[in-house]
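Only one chain is included here, represented as C-alpha coordinates and corresponding to the form predicted on its own.
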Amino acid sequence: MANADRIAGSDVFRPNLTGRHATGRFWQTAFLGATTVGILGLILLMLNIVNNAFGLVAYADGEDYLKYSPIPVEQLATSDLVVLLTNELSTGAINKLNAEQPLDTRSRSDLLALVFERILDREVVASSTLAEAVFNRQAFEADALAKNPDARFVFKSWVTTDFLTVPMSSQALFAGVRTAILGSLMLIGLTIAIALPIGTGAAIYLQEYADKSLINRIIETNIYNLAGVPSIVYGMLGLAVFVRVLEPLTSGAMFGATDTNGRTILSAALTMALLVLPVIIVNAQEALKAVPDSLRQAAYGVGATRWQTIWHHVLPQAIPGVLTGSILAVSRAIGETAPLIVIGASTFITADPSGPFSGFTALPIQIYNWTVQPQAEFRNLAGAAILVLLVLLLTLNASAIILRNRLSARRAN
(Lines give C-alpha, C1' and ligand atoms only; values in the text may rest on other atoms or scores of the structure.)
Protein backbone atom coordinates (compact mmCIF):
# COMPACT_ATOMS: atom_id res chain seq x y z
CA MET A 1 0.00 0.00 0.00
CA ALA A 2 2.80 2.39 0.90
CA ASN A 3 4.59 1.60 -2.35
CA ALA A 4 1.42 2.25 -4.30
CA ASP A 5 0.95 5.62 -2.57
CA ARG A 6 4.57 6.47 -3.29
CA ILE A 7 4.18 5.63 -6.96
CA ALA A 8 0.94 7.61 -7.21
CA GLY A 9 2.54 10.57 -5.46
CA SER A 10 5.52 10.53 -7.79
CA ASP A 11 3.19 10.47 -10.78
CA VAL A 12 1.60 13.69 -9.56
CA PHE A 13 4.82 15.30 -8.31
CA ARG A 14 6.97 14.89 -11.41
CA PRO A 15 4.66 16.72 -13.86
CA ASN A 16 4.25 19.54 -11.34
CA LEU A 17 8.01 19.70 -10.84
CA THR A 18 8.56 19.93 -14.58
CA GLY A 19 6.03 22.76 -14.79
CA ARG A 20 7.65 24.66 -11.92
CA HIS A 21 11.07 24.33 -13.52
CA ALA A 22 9.68 25.59 -16.83
CA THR A 23 8.09 28.58 -15.07
CA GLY A 24 11.36 29.33 -13.29
CA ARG A 25 13.32 29.21 -16.55
CA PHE A 26 10.77 31.52 -18.19
CA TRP A 27 11.06 34.19 -15.51
CA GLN A 28 14.83 33.81 -15.34
CA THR A 29 14.97 34.48 -19.07
CA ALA A 30 12.59 37.43 -18.70
CA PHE A 31 14.70 38.97 -15.93
CA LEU A 32 17.90 38.42 -17.91
CA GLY A 33 16.28 40.07 -20.94
CA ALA A 34 15.17 43.06 -18.87
CA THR A 35 18.68 43.44 -17.44
CA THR A 36 20.19 43.20 -20.92
CA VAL A 37 17.82 45.84 -22.28
CA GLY A 38 18.67 48.16 -19.38
CA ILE A 39 22.41 47.71 -19.88
CA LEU A 40 22.10 48.29 -23.63
CA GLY A 41 20.09 51.45 -22.96
CA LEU A 42 22.81 52.77 -20.65
CA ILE A 43 25.52 51.90 -23.19
CA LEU A 44 23.63 53.72 -25.96
CA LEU A 45 23.16 56.73 -23.68
CA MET A 46 26.87 56.92 -22.86
CA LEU A 47 27.84 56.44 -26.51
CA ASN A 48 25.55 59.29 -27.51
CA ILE A 49 27.04 61.57 -24.84
CA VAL A 50 30.63 60.70 -25.79
CA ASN A 51 29.77 61.08 -29.47
CA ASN A 52 28.76 64.70 -28.83
CA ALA A 53 31.63 65.51 -26.47
CA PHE A 54 34.34 64.93 -29.12
CA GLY A 55 34.64 65.79 -32.79
CA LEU A 56 36.04 68.03 -35.50
CA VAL A 57 35.65 71.80 -35.26
CA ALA A 58 36.06 74.21 -38.17
CA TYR A 59 36.76 77.77 -37.04
CA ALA A 60 37.82 81.05 -38.61
CA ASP A 61 38.96 84.44 -37.31
CA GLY A 62 37.09 87.56 -38.33
CA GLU A 63 40.26 89.66 -37.89
CA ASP A 64 43.87 88.97 -38.90
CA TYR A 65 46.11 88.63 -35.85
CA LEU A 66 48.92 90.44 -37.72
CA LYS A 67 46.98 93.68 -37.25
CA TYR A 68 47.61 93.40 -33.53
CA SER A 69 50.78 91.37 -33.13
CA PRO A 70 53.73 90.39 -35.37
CA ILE A 71 53.64 86.88 -33.90
CA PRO A 72 50.69 84.53 -33.37
CA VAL A 73 48.73 85.47 -30.27
CA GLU A 74 49.08 81.89 -28.99
CA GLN A 75 52.79 82.64 -28.46
CA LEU A 76 52.31 85.89 -26.53
CA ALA A 77 53.20 86.01 -22.87
CA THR A 78 50.53 86.62 -20.23
CA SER A 79 51.62 90.25 -19.70
CA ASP A 80 51.48 90.88 -23.47
CA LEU A 81 47.95 89.51 -23.62
CA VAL A 82 46.89 91.90 -20.85
CA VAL A 83 48.43 94.83 -22.75
CA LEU A 84 46.75 93.76 -26.00
CA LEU A 85 43.33 93.55 -24.34
CA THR A 86 43.81 96.89 -22.57
CA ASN A 87 44.80 98.64 -25.80
CA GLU A 88 42.14 97.16 -28.09
CA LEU A 89 39.03 96.97 -25.90
CA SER A 90 36.93 99.95 -24.85
CA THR A 91 37.25 101.43 -21.38
CA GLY A 92 33.77 100.20 -20.49
CA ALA A 93 34.58 96.65 -21.54
CA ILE A 94 37.84 96.68 -19.56
CA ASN A 95 36.07 98.01 -16.47
CA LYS A 96 33.42 95.29 -16.72
CA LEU A 97 36.05 92.57 -17.10
CA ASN A 98 38.06 93.93 -14.15
CA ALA A 99 34.90 94.05 -12.04
CA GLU A 100 34.38 90.33 -12.66
CA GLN A 101 38.08 89.52 -12.15
CA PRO A 102 41.11 91.78 -12.70
CA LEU A 103 42.89 91.00 -15.94
CA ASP A 104 46.31 90.74 -14.32
CA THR A 105 45.02 87.94 -12.03
CA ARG A 106 43.50 85.83 -14.80
CA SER A 107 45.09 82.70 -16.21
CA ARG A 108 46.77 82.72 -19.61
CA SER A 109 44.09 80.45 -21.08
CA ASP A 110 41.39 82.84 -19.87
CA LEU A 111 43.18 85.81 -21.43
CA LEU A 112 43.70 83.93 -24.71
CA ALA A 113 39.99 83.13 -24.84
CA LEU A 114 39.19 86.82 -24.34
CA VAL A 115 41.57 87.79 -27.19
CA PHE A 116 40.04 85.22 -29.53
CA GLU A 117 36.50 86.22 -28.61
CA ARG A 118 36.72 90.00 -28.23
CA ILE A 119 39.54 90.98 -30.64
CA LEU A 120 40.05 88.31 -33.30
CA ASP A 121 36.32 87.51 -33.39
CA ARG A 122 36.96 83.78 -33.69
CA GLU A 123 33.80 81.83 -34.49
CA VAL A 124 32.85 78.23 -35.16
CA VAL A 125 32.08 77.60 -38.83
CA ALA A 126 30.90 74.03 -38.29
CA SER A 127 31.28 71.23 -35.78
CA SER A 128 30.89 67.49 -36.04
CA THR A 129 30.25 64.58 -33.75
CA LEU A 130 32.88 61.90 -33.11
CA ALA A 131 31.19 59.53 -35.56
CA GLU A 132 31.19 62.16 -38.31
CA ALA A 133 34.85 62.96 -37.65
CA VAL A 134 35.82 59.29 -37.99
CA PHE A 135 33.56 58.08 -40.81
CA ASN A 136 32.63 61.19 -42.80
CA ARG A 137 35.51 63.63 -42.35
CA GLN A 138 36.02 64.58 -45.99
CA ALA A 139 32.38 65.52 -46.51
CA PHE A 140 32.41 67.57 -43.31
CA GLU A 141 35.56 69.47 -44.31
CA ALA A 142 34.19 70.15 -47.79
CA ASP A 143 30.96 71.51 -46.36
CA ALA A 144 32.83 73.74 -43.87
CA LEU A 145 35.16 75.12 -46.56
CA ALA A 146 32.15 75.91 -48.71
CA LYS A 147 30.84 78.05 -45.87
CA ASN A 148 34.19 79.73 -45.19
CA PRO A 149 37.29 79.12 -47.36
CA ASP A 150 39.53 80.33 -44.52
CA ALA A 151 38.25 77.72 -42.08
CA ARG A 152 40.80 75.79 -40.08
CA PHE A 153 40.16 72.36 -38.62
CA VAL A 154 41.04 70.87 -35.27
CA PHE A 155 39.96 67.69 -33.54
CA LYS A 156 38.54 68.92 -30.26
CA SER A 157 37.68 67.34 -26.97
CA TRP A 158 35.08 69.65 -25.52
CA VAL A 159 35.88 68.34 -22.03
CA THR A 160 39.15 70.12 -21.23
CA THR A 161 40.76 71.87 -18.31
CA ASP A 162 39.72 75.20 -19.81
CA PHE A 163 36.14 73.97 -20.09
CA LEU A 164 36.14 73.35 -16.33
CA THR A 165 37.87 76.58 -15.34
CA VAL A 166 36.39 79.30 -17.55
CA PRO A 167 32.96 80.92 -17.11
CA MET A 168 30.05 80.94 -19.52
CA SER A 169 30.39 82.66 -22.90
CA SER A 170 28.09 83.36 -25.82
CA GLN A 171 30.71 81.79 -28.11
CA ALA A 172 30.84 78.00 -27.93
CA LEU A 173 34.63 77.88 -28.39
CA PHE A 174 35.17 79.90 -25.22
CA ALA A 175 32.31 78.66 -23.03
CA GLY A 176 32.98 76.83 -19.79
CA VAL A 177 31.11 75.46 -16.80
CA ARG A 178 33.06 76.94 -13.90
CA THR A 179 30.17 79.07 -12.66
CA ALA A 180 27.75 76.18 -13.11
CA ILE A 181 29.97 73.74 -11.18
CA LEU A 182 30.43 76.18 -8.31
CA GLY A 183 26.71 76.91 -8.28
CA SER A 184 25.83 73.20 -8.21
CA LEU A 185 28.31 72.43 -5.42
CA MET A 186 27.13 75.33 -3.29
CA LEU A 187 23.49 74.43 -3.92
CA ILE A 188 23.96 70.77 -3.01
CA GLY A 189 26.01 71.64 0.07
CA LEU A 190 23.35 74.00 1.42
CA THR A 191 20.56 71.57 0.52
CA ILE A 192 22.09 68.69 2.47
CA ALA A 193 23.04 71.00 5.37
CA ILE A 194 19.38 72.02 5.66
CA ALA A 195 17.58 68.79 4.78
CA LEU A 196 19.71 66.16 6.54
CA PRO A 197 19.30 67.34 10.17
CA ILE A 198 15.61 68.20 9.67
CA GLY A 199 14.86 64.92 7.93
CA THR A 200 16.75 62.84 10.47
CA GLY A 201 15.05 64.68 13.35
CA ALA A 202 11.62 64.08 11.82
CA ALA A 203 12.42 60.38 11.35
CA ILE A 204 13.56 60.08 14.99
CA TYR A 205 10.35 61.67 16.23
CA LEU A 206 8.07 59.53 14.05
CA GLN A 207 9.86 56.30 14.90
CA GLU A 208 10.97 56.76 18.51
CA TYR A 209 8.56 59.25 20.08
CA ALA A 210 5.28 59.40 18.14
CA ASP A 211 2.53 56.92 19.02
CA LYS A 212 0.60 55.02 16.38
CA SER A 213 -2.40 57.32 16.43
CA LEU A 214 -4.50 58.08 13.36
CA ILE A 215 -2.93 61.54 12.97
CA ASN A 216 0.62 60.19 13.01
CA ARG A 217 -0.29 57.46 10.51
CA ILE A 218 -1.78 60.12 8.21
CA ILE A 219 1.42 62.17 8.55
CA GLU A 220 3.59 59.17 7.62
CA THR A 221 1.38 58.33 4.64
CA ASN A 222 1.57 61.88 3.35
CA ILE A 223 5.36 61.88 3.71
CA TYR A 224 5.48 58.79 1.50
CA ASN A 225 3.17 60.49 -1.00
CA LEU A 226 5.28 63.68 -1.05
CA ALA A 227 8.21 61.67 -2.40
CA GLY A 228 6.26 61.24 -5.64
CA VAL A 229 5.12 64.84 -6.11
CA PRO A 230 6.44 66.35 -9.39
CA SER A 231 9.44 68.54 -8.76
CA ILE A 232 7.95 71.55 -10.54
CA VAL A 233 5.31 71.74 -7.80
CA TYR A 234 8.11 72.28 -5.30
CA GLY A 235 9.48 74.95 -7.61
CA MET A 236 6.16 76.82 -7.55
CA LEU A 237 6.08 76.53 -3.75
CA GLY A 238 9.64 77.85 -3.53
CA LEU A 239 8.78 80.77 -5.81
CA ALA A 240 5.75 81.72 -3.73
CA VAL A 241 7.31 81.27 -0.28
CA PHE A 242 11.09 81.64 -0.44
CA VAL A 243 11.50 84.03 -3.38
CA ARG A 244 8.55 86.33 -2.65
CA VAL A 245 7.28 86.02 0.92
CA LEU A 246 10.70 85.47 2.52
CA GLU A 247 12.60 87.75 0.14
CA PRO A 248 14.13 89.85 2.98
CA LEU A 249 15.77 86.63 4.25
CA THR A 250 16.67 84.88 1.01
CA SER A 251 17.95 88.03 -0.69
CA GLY A 252 20.12 88.87 2.32
CA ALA A 253 18.44 92.28 2.77
CA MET A 254 18.06 91.75 6.52
CA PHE A 255 21.80 91.07 6.68
CA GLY A 256 22.78 94.16 4.70
CA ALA A 257 22.92 92.80 1.15
CA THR A 258 21.47 95.31 -1.31
CA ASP A 259 22.44 94.02 -4.78
CA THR A 260 20.30 90.84 -4.95
CA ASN A 261 16.69 89.76 -4.95
CA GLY A 262 15.06 86.57 -3.70
CA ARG A 263 16.28 84.47 -6.64
CA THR A 264 19.40 83.29 -4.85
CA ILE A 265 21.20 80.10 -3.97
CA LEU A 266 19.54 80.15 -0.55
CA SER A 267 16.05 80.13 -2.09
CA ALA A 268 17.05 77.28 -4.37
CA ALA A 269 18.60 75.30 -1.49
CA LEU A 270 15.48 75.70 0.67
CA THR A 271 13.31 74.54 -2.24
CA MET A 272 15.54 71.56 -2.98
CA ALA A 273 15.59 70.71 0.73
CA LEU A 274 11.79 70.41 0.63
CA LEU A 275 12.12 68.25 -2.47
CA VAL A 276 14.48 65.72 -0.89
CA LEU A 277 13.08 65.77 2.67
CA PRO A 278 10.62 62.89 2.06
CA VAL A 279 13.43 60.69 0.69
CA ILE A 280 15.65 61.41 3.70
CA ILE A 281 12.82 60.93 6.23
CA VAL A 282 11.66 57.61 4.76
CA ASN A 283 15.18 56.15 4.54
CA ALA A 284 16.15 57.38 8.02
CA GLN A 285 12.95 55.94 9.49
CA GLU A 286 13.58 52.57 7.87
CA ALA A 287 17.16 52.64 9.19
CA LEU A 288 15.86 53.30 12.72
CA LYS A 289 13.34 50.47 12.38
CA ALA A 290 16.17 48.10 11.49
CA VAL A 291 17.90 48.68 14.85
CA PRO A 292 16.94 45.73 17.13
CA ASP A 293 14.60 46.56 20.02
CA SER A 294 16.85 44.48 22.27
CA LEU A 295 19.43 47.29 22.04
CA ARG A 296 16.88 49.81 23.30
CA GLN A 297 15.74 47.50 26.10
CA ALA A 298 19.32 46.89 27.19
CA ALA A 299 19.94 50.64 27.42
CA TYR A 300 16.75 51.18 29.39
CA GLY A 301 17.77 48.30 31.66
CA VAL A 302 20.94 50.09 32.79
CA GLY A 303 19.06 53.35 33.48
CA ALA A 304 19.47 55.30 30.22
CA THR A 305 16.77 57.80 29.30
CA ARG A 306 14.99 57.62 25.96
CA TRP A 307 17.11 60.41 24.49
CA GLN A 308 20.35 58.86 25.78
CA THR A 309 19.31 55.55 24.23
CA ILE A 310 18.59 57.20 20.89
CA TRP A 311 21.70 59.38 20.81
CA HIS A 312 24.27 56.90 22.08
CA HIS A 313 22.93 53.57 20.82
CA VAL A 314 20.14 53.71 18.23
CA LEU A 315 21.36 56.58 16.03
CA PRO A 316 24.97 55.31 15.67
CA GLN A 317 23.58 51.98 14.49
CA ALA A 318 21.28 53.70 12.00
CA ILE A 319 23.84 56.15 10.56
CA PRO A 320 24.72 53.99 7.50
CA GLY A 321 21.04 53.87 6.53
CA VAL A 322 20.66 57.60 7.09
CA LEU A 323 23.64 58.24 4.83
CA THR A 324 22.04 56.02 2.19
CA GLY A 325 19.09 58.41 2.25
CA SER A 326 21.43 61.36 1.82
CA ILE A 327 23.06 59.65 -1.18
CA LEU A 328 19.66 59.22 -2.83
CA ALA A 329 18.82 62.82 -1.99
CA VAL A 330 22.01 64.14 -3.61
CA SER A 331 21.36 61.99 -6.68
CA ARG A 332 17.92 63.50 -7.10
CA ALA A 333 18.78 67.09 -6.23
CA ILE A 334 21.88 67.48 -8.39
CA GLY A 335 20.00 66.63 -11.58
CA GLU A 336 16.85 68.70 -11.01
CA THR A 337 16.09 71.47 -13.47
CA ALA A 338 12.40 72.38 -13.27
CA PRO A 339 12.40 73.84 -9.70
CA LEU A 340 15.49 75.94 -10.47
CA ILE A 341 13.94 77.34 -13.64
CA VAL A 342 10.78 78.33 -11.74
CA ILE A 343 12.79 79.96 -8.96
CA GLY A 344 14.78 81.96 -11.48
CA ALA A 345 18.23 80.39 -11.90
CA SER A 346 20.24 82.22 -14.53
CA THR A 347 20.76 80.62 -17.92
CA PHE A 348 23.68 82.95 -18.67
CA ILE A 349 25.93 84.24 -15.90
CA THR A 350 29.69 84.83 -15.87
CA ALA A 351 30.17 85.82 -12.22
CA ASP A 352 31.00 83.04 -9.76
CA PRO A 353 28.64 82.69 -6.77
CA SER A 354 30.19 84.32 -3.73
CA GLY A 355 27.73 83.21 -1.08
CA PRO A 356 24.17 82.04 -0.34
CA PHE A 357 22.74 85.41 -1.45
CA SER A 358 24.29 85.29 -4.93
CA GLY A 359 22.59 84.80 -8.25
CA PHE A 360 23.52 81.43 -9.67
CA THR A 361 23.23 78.81 -12.33
CA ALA A 362 23.67 75.04 -12.13
CA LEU A 363 24.91 72.31 -14.45
CA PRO A 364 21.42 70.98 -15.38
CA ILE A 365 20.32 74.53 -16.24
CA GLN A 366 23.42 75.03 -18.37
CA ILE A 367 22.87 71.73 -20.18
CA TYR A 368 19.25 72.61 -20.88
CA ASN A 369 20.24 76.04 -22.18
CA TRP A 370 22.81 74.58 -24.57
CA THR A 371 20.54 71.84 -25.91
CA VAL A 372 17.92 74.35 -27.09
CA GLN A 373 20.46 76.41 -29.06
CA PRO A 374 20.23 75.93 -32.86
CA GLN A 375 24.01 75.74 -33.44
CA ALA A 376 25.48 72.22 -33.48
CA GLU A 377 28.51 73.24 -31.40
CA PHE A 378 26.29 73.95 -28.38
CA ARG A 379 25.07 70.37 -28.48
CA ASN A 380 28.74 69.36 -28.27
CA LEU A 381 29.03 71.57 -25.20
CA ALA A 382 25.93 69.94 -23.72
CA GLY A 383 27.47 66.49 -24.16
CA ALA A 384 30.65 67.63 -22.43
CA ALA A 385 28.65 69.20 -19.58
CA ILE A 386 26.68 65.96 -19.12
CA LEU A 387 29.95 64.06 -18.68
CA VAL A 388 31.04 66.62 -16.08
CA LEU A 389 27.70 66.28 -14.27
CA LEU A 390 27.97 62.48 -14.22
CA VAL A 391 31.52 62.61 -12.86
CA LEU A 392 30.47 65.14 -10.21
CA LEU A 393 27.50 62.99 -9.19
CA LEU A 394 29.59 59.81 -9.01
CA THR A 395 32.27 61.61 -6.99
CA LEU A 396 29.78 62.92 -4.43
CA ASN A 397 28.05 59.56 -4.16
CA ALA A 398 31.36 57.69 -3.88
CA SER A 399 32.45 60.01 -1.06
CA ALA A 400 29.21 59.38 0.81
CA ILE A 401 29.47 55.61 0.25
CA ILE A 402 33.07 55.53 1.54
CA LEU A 403 32.01 57.49 4.64
CA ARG A 404 29.07 55.13 5.18
CA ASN A 405 31.25 52.03 4.84
CA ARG A 406 33.82 53.41 7.28
CA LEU A 407 31.11 54.10 9.83
CA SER A 408 29.70 50.61 9.30
CA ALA A 409 33.14 49.07 9.80
CA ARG A 410 33.72 51.12 12.95
CA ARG A 411 30.33 50.04 14.28
CA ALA A 412 31.13 46.38 13.57
CA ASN A 413 34.41 46.66 15.49
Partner chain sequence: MTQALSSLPVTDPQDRHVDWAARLRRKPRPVETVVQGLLFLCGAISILTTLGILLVLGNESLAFFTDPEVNVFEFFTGTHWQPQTGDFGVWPLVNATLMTSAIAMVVAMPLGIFAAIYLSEYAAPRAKAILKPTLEILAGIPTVVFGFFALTFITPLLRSIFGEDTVQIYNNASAGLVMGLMIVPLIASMSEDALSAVPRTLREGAYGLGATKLETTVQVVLPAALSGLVAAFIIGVSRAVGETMIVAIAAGATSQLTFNPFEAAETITGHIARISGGDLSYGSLDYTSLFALALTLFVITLGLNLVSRWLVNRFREQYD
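Superpose the two forms; the largest set of C-alphas matching within 1.5 Å is the rigid core. Residue numbers count along the first chain shown, from 1. Note that this is a predicted model, so its numbers are computed, not measured.
Below: the form predicted in complex with the partner chain, not depicted.
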> Would the partner chain be touched by all three of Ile219, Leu239 and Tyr368 in the predicted complex, meaning a heavy atom each within 4.5 Å?
Replying inline: yes
>> With the partner left out here, check for me: in the predicted complex, does some heavy atom of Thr78 sit within 4.5 Å of the partner chain?
In response: no
>> My question is simply whether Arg306 lines the interface with the partner chain in the predicted complex - judged by any non-hydrogen atom within 4.5 Å.
In response: yes
> Within a 4.5 Å heavy atom cut-off, is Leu403 in contact with the partner chain in the predicted complex?
Replying inline: no
>> Does any part of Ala351 reach within 4.5 Å of the partner chain in the predicted complex? Heavy atoms only, please.
In response: no
> Ok, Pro149, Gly256, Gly228, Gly92: which has a heavy atom sitting within 4.5 Å of the partner chain in the predicted complex?
Replying inline: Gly228
> Which one of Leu103, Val124, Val73, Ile198 is close to the partner chain in the predicted complex, taking close to mean a heavy atom within 4.5 Å?
Replying inline: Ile198
> Where, among 82 to 90, 130 to 138, 173 to 181, 242 to 250, do residues come within 4.5 Å of the partner chain in the predicted complex by heavy atom distance?
Replying inline: 242 to 250
> For 24 to 48: residues with a non-hydrogen atom within 4.5 angstroms of the partner chain in the predicted complex?
Replying inline: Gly24, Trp27, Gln28, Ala30, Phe31, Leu32, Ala34, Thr35, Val37, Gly38, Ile39, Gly41, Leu42, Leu44, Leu45, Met46, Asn48
> When the two forms are laid on each other by their rigid core, does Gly62 show a Cα shift of 2 Å or more between the shown form and the other one?
Replying inline: no
